[in-house]
Ligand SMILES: NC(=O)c1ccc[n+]([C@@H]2O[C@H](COP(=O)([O-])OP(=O)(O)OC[C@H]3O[C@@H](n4cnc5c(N)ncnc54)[C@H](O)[C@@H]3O)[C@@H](O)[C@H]2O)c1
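What follows is a single chain, given as structure tokens, in the form predicted alone.
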Amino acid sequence: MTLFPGVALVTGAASGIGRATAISFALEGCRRIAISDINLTGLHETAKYLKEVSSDVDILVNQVDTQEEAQIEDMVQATVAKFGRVDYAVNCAGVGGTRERSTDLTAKQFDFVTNINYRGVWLSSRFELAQMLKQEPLPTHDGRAGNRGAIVNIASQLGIVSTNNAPVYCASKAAVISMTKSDAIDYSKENIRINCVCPGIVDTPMTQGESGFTKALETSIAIAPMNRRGTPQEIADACLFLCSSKASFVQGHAMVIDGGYTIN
């Protein structure tokens, strides 16, 4: 029996961690997957990969700007209209922003990062929770008591420790961690699990190129004992574990996956 007999919803699924997570759900036997992102071309590429690894997977593609509340609500409603429920939600949509001190940032730059990394994750989780409250648990892989749903939010190692010239990014990811813990307390009595993953530097489009955000990464990689970037698959593996019934007693956890960066 698959660990994932229910419905998966993955935001930020056009590339990177979101794409790897969606593909991993299909590889692990989930047959109903909703994917969303603002990048429609990337979403269709992800959908193609899903079909390549699982010919019988049923896919829903939603183009969503997570700065827009109505679009997030429509995403969840469309998923329920097609599949009947939402069991595993992984909120991956995020941005890096610019590398500047606070006095060099504009309020517009602050709002852009905060609105996607924190507000967008909060809105996504809010609508996902509202649906999960309406549904009953699915059977589990070994007969243990199941949950009505599981949510995994993508935070960052920089929500735990900070770095220079990234006040808004660090604060937005710290907010996701704190929100996750608070929601975990509030919805435990309704049998819904909410956790987050805190990746280190992962080889994704956001950490590639010549932007100010990416130029400072090599020093950070060298600080970590494992001295390398993570892969999107390594983060996806953690997301699937936290969504699965094998993590049925894991609640409000911020799982750090950073090659040892935060322990050094």
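Keep in mind the model is a prediction, meaning the values are calculated, not measured. Heads up: residue numbers just count along the shown sequence, starting at 1.
Unshown form predicted in complex with the ligand; subsequent notes refer to it.
- Only one listed stretch (79-87, 134-142, 177-185, 148-156) carries heavy atoms within 4.5 Å of the ligand in the predicted complex, and that stretch is 148-156.
- At the 4.5 Å threshold, heavy atoms of A93 reach the ligand in the predicted complex.
- Contact check for T66: a heavy atom falls within 4.5 Å of the ligand in the predicted complex.
- The ligand is not shown here, but in the predicted complex it comes within 4.5 Å of a heavy atom of T204.
- Taking non-hydrogen atoms only, Q233 never approaches the ligand to within 4.5 angstroms in the predicted complex.
- Contact with the ligand in the predicted complex holds for none of P5, F25 and N195, as no heavy atom of theirs lies within 4.5 Å.
- Of the residues in 113-128, only I116 comes within 4.5 Å of the ligand in the predicted complex through at least one heavy atom.
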